[in-house]
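Just so you know, structure 1 and structure 2 below are the same protein chain in two forms, each on its own as structure tokens.
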Structure 1
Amino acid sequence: MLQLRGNTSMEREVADRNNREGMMGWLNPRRYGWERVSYWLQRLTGVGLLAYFIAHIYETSQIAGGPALWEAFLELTQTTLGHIILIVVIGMCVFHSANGIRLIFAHGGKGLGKPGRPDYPYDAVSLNYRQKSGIWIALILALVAMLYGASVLFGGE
């Protein structure tokens, strides 16, 4: 173990143990800026949409088992849980798309502010109101789409 000047190995071990936050530290959105939360949500929705895509392929492949198996499997999607999953998928799809469009513009240099000196606490100077509003627009569009999906799916019951 590396010995630091003025610290004993025991003090260093205690400090290392206290600095470990684990998954809860990683999942804490208050320690990140808007850009990091947007990045995290982009990755999360991408994985969620991939899982839905695989499940959807499995679902539609049930038609090869005949009409009875197809109808039985479709009944699973017509439950309250099935509707909630579809509403979440709608929100993930809309957020992922809208945030992806924002990222395309950002990578092209559109809507970015002037870069600044990276001083602690490393607040991104280039993340100006245009980029923040793009994140908010993506979140609001996803919420509106989810509310519309909920009204369609649960409105007829």
Structure 2
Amino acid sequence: MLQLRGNTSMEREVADRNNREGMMGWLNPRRYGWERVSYWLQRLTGVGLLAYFIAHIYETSQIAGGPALWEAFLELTQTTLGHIILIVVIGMCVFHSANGIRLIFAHGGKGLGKPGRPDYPYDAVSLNYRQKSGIWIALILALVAMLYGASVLFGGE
């Protein structure tokens, strides 16, 4: 763990959260550009998927209770609201996965470009259009998947 050097007053300040943006900093994700949107969505969808996954494990466990319980449970989930939730989950899953693949590469510096001599007006190479279009593609894929999911869930009946 990082040790902060210095006098005790500084160590006290380390604990001090005075003026940190905190979770409020997550609001207004458009403020700093697309990469920040991606950060925010990746997080949101990650947590959302985890929640769904837990619920899904619970849902499938009903199978062990026999056909009656299973049918009863299906009744609960196979509703319009249930379908909408499932569509959102599909979108989350596709966005999180597609963007996740981009991030796995980007986190290791792949596809970000090379450092060079700074040149006014300093455009950051890491915020290049390859990365931005990666985010857009993930969003578009998620949308397409949601539409397809909707067509299966609502159209199949």
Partner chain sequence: MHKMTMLRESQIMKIHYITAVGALFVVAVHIMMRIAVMPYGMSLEYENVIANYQNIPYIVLLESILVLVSIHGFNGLRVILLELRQSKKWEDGVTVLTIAAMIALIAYGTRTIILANGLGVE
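Values in this document were obtained by computation on a predicted structure and should not be read as measured data. Numbers given to residues start at 1 and step along the sequence of structure 1. Between two forms, the rigid core is the largest collection of C-alphas that superpose within 1.5 Å.
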| property | result |
| --- | --- |
| Which of the two shown structures is the form predicted on its own | 1 |
| Rigid-core frame, C-alpha of G100, shift of 2 angstroms or more between structures 1 and 2 | no |
| Displaced residue check between structures 1 and 2: G46, CA, 2 Å or over, core reference | no |
| Cα displacement of K114 between structures 1 and 2, once the rigid core is superposed (Å) | 4.5 |
